[in-house]
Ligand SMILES: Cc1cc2nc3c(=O)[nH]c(=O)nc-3n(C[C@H](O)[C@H](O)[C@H](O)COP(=O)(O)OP(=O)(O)OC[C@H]3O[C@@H](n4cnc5c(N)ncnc54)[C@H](O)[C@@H]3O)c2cc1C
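Read the single chain below, which is given as structure tokens and is the form predicted alone.
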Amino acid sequence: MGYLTGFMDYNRKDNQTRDPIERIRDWEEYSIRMEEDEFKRQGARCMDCATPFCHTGIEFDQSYLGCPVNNFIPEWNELVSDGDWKHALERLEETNNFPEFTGRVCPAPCEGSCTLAINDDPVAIKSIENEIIERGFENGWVEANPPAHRTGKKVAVIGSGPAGLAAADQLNHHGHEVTVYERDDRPGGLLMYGIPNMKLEKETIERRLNVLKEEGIQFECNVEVGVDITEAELRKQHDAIIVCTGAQAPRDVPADNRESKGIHFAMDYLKESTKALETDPDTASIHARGKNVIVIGGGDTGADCVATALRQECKRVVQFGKHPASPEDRTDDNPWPLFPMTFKLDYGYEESLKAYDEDPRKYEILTQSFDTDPNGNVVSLKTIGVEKVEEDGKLVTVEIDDSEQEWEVDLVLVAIGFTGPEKEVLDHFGLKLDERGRVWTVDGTEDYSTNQDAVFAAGDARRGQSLVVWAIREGREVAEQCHKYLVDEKETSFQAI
């Protein structure tokens, strides 16, 4: 440990953010990196615990403990505190293929499980991680490293989100030839179009994609598996297939007049807004300028919608959530080291507070119906208040009498999550699904084999909607299982078909 009393001598500091009023005028990242000396102090706050929970990476009681990719956090914290950034990068890259993604968009379960967080602010792990990889690129330490030898085995990866990219990266380093198939016009999955630029600039993704391409990974974009290329063709060209198509089937809101014009799924809105930035932000087919915007759903996707609407100069934006506001501190049923379910002021909410002098979030509220004008355009929606009460030992949501409200609205964005993976590719391969509509794998946890020979599945398609860091973990693990299959099989069943 570089500095024995750092956790007592230094207070937590994080990457700063640009002024909210300034940053809603553009689409650039809102975070500002700290100076090197401050990062050294933040690294020195790490206690180098005898039993560190920050890198455990397990699920427990429907929550998370620590980093899912098992980052060697205490080790690179110490290296950063000593100013040894290159060795810190080497240790970081041993466990995480894409720290520039997790260092920006991960909710940092590692920090929730930091031992220092028991009675103090946790170590600024996420900011340190991001700084390590940024210095790696700036100093030329991140460079293409193609495999010295090729095995002659070929793998198709369907989907280029974090799970697919991680799987492709691992398999390529094993010497297999990997082709990634993406139905969109650019690789990256939801990283590319589903996460706004102010959280993850696309140059950051392209920078990593260029490294992967230089290392020999092939990308085939604008290719929809089952339409533009068939299962039979994929099997003829490859020795194994990995399905990483995500879980993008949106959950809809059951309300009267849902088909009204001006009501869209949040992900469609975010994708259109992000794609328009390549040419002209004003050309987005779904735009919030001058409109009263209501976001239905209280999660991160909804928060991104709030921030996007602000940059499109909406008239007002409100976000509905059916749950009560999170507490300021942990509750008894959310103890350390579980992921802390506490109140946070996300970047979009901070921007709304500054721009409109109000937090856009409205809690414990459900949408009941939409009203339209004669042309079918949504003009208002009706809601009712709800609360959680205990019935037969369980918490249930009940409506509150006389709590109806009517809200003027021009644009409604539905952001209440996803029901699971889209079925087209899964049906095309005849993949078995579990009771929740996810791709079934042999034991549902560590085995990524599907019911079809030499076809594997990983990421959100297998586990349901989850975090980028969990997708990276699954991509790494499915790659190892696929690699074992390829080296164990002298002649795959594909070649016999």
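Numbers follow the displayed sequence, beginning with 1. In this text, all values refer to a predicted model and were calculated from it rather than measured experimentally.
Heads up, the form predicted in complex with the ligand isn't pictured, but that's what we're talking about next.
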Handout entry: Proximity to the ligand in the predicted complex (heavy atom, within 4.5 Å), stretch among 388-396, 321-329, 174-182, 361-369
Key = 174-182
Problem - Partner proximity in the predicted complex: Phe418 to the ligand, non-hydrogen atom cutoff 4.5 Å - result: yes
Exercise for the section: Indicate whether the ligand has at least one heavy atom within 4.5 Å of a heavy atom of Lys199 in the predicted complex. Expected result: yes
Exercise for the section: Answer for Cys114 alone: is it within 4.5 Å of the ligand in the predicted complex, judged on heavy atom distances? Expected result: no
Practice task
Determine whether any heavy atom of Gly348 comes within 4.5 Å of a heavy atom of the ligand in the predicted complex, and answer yes or no.
Solution key: no
Exercise for the section: Please pick, from Ile384, Val409, Met267, Leu338, the one residue with any non-hydrogen atom lying within 4.5 angstroms of the ligand in the predicted complex. Expected result: Met267
Fill in the blank from the handout: If we test each of Val155, Ala288, Val306, Ile195 for a heavy atom within 4.5 Å of the ligand in the predicted complex, the one that passes is Ile195
Handout entry: Sequence-ordered list of residues in 392-410 near the ligand in the predicted complex, where near means a heavy atom within 4.5 Å
Key = none
